[in-house]
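Okay, here we've got a single chain as structure tokens, the form predicted on its own, with questions on binding and movement later.
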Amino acid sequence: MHVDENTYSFDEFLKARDEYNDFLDNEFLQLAAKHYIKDEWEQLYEKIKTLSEETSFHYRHIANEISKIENQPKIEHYNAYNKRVDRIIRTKQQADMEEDLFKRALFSKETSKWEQVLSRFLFHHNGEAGIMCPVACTDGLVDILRTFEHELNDELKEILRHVTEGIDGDFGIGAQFMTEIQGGSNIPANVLKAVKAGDHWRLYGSKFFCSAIHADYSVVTARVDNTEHVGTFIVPLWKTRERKERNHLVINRLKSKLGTTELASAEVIFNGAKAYQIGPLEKGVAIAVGIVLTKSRLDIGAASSAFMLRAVREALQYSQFREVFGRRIEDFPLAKGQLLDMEHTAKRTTAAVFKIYDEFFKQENWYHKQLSEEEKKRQFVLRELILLQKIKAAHDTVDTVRTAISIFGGNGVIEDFSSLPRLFRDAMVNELWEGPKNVLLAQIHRDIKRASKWYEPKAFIKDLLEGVDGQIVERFQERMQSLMDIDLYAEPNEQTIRDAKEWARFCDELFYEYQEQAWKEIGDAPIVKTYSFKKQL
């Protein structure tokens, strides 16, 4: 009998990786948070410190467990008595984790904005995990209800209370169903029909991509019967809070997705679902995009930052531990260059996320306000920054996590060796959520061109790049001027394709400079400490 004499062990690396606290051991993250939270920092620090103990260890383990194929959500269409129930089956671990997160009353008026952001940010370190999409959707639902709070009927007031303060300890969960089979981002092309029925509406038709199908309520866009308007509606997904009978809707099937596989996404048919109008019917698209999707796009920026911080620190730890050809991975110039680039990307992305949230909070109550010319410009800059961040942060995350996987070599693609393959797939999905790159790039160009009548593009660039070196700003202003007349909707030919590529490159470089400035304003600190691993070879 031969005994394996190979004594190689990953134990030291695993100890360093698994004992890392995503908040307390990340000096850069603390630096960024402290820079913007300021007066609230000391009080909030203790709360986030306690939460990080749970997200970094207990919930990190659960997120890994529920991602296994055998634990992914399933659907029970009929019960034993042939009654249609369309019940989503999830693991108790996942349901408990979600319940714990929502019971933190993130959207209560008693919870500060920064506490909400940091709490979600820590959960994001563990990937989507079937719970972060519902959180983002609930955020959008809360925002739209609060925006029109002065005109809510009794049913909508009760929904708002359920998703913010909770009812008898139970907190409502939101979703958003906008995509139809003819096109996801093209909300004006919706054909799902909304028919007036007294003091409410009834919905008839189908939605093709409905995530968080287990939720309590959904924001739904639908074409108003006998009009050209696409309105926005709040739809209870169940007839009662006991969640035993669906609100006149059936679930055709669950989607099989590349990533976010722990999240139940479905195809749904509405057969007269009771719905409540929110906001003016003729402004439904603007309400859905400007309020609901804005919150989701902000959340994707935060998720991207958290994914990168997690991937980068594990790659850094592994590169200090692993020896190949007699040297540690970090001691090779090519690998070291990759590690530095990844760290750089994670830091500039994180810095920009906090800076944009800070500006968003300053403008959050401007919806019904009569804006001054200066405020109107600030609002426009923020709108474009959120779109630019969604594009670049989501794209950079895919590249960064993929590179982190390569640092691990063959171990990088082993599903139970690390969480990086799962984070990579979730990042791929985030690139498409709430508008793919090409759609948003075209929207930014259209926005700037339309606004040029009252906001000169050169002034817009200067305001967006406030604090950046003047010569850099001037170069972007010159490039912007030359790109104002391109047509991103023209027939494809050699010139229009070249123009489109230049616009994409311009937007990427523009937001890069914004991120660099945000990082400069915060300062620098390490994401992970330097370890002294013993040599094994």
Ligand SMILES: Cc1cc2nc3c(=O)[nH]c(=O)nc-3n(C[C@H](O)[C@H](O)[C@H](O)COP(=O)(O)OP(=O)(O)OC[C@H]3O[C@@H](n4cnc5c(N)ncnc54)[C@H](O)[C@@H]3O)c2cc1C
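On a predicted model such as this, the values are computed, not experimentally measured, just so you know. All residue numbers are counted from 1 along the displayed sequence.
This next part talks about the form predicted in complex with the named molecule, which is not shown.
Engineer: From the candidate stretches 226 to 234, 451 to 459, 269 to 277, 434 to 442, select the single one in contact with the named molecule in the predicted complex, where contact means a heavy atom within 4.5 Å.
Structural biologist: In short, 434 to 442.
Engineer: For the named molecule, considered in the predicted complex: do all three of G183, F209 and Y489 come within 4.5 Å of it, counting heavy atoms only?
Structural biologist: Heavy-atom distance to the named molecule in the predicted complex: all three under 4.5 Å.
Engineer: Between F177, F123, W201, F107, only one gets a heavy atom within 4.5 angstroms of the named molecule in the predicted complex; which residue is that?
Structural biologist: Exactly one listed residue reaches within 4.5 Å, namely F177.
Engineer: R241, K377, K257, K193: which sits within 4.5 Å of the named molecule in the predicted complex by any heavy atom?
Structural biologist: Contact check passes for K257.
Engineer: So in the predicted complex, does any heavy atom of S265 sit within 4.5 Å of the named molecule?
Structural biologist: Yes, S265 is a contact residue.
Engineer: Is there any non-hydrogen atom of L298 lying within 4.5 Å of the named molecule in the predicted complex?
Structural biologist: It does not: once the named molecule is placed as it appears in the predicted complex, L298 has no heavy atom within 4.5 Å of it.
Engineer: According to a 4.5 angstroms non-hydrogen atom cut-off, is V429 in contact with the named molecule in the predicted complex?
Structural biologist: Result yes; V429 sits at the interface with the named molecule in the predicted complex.
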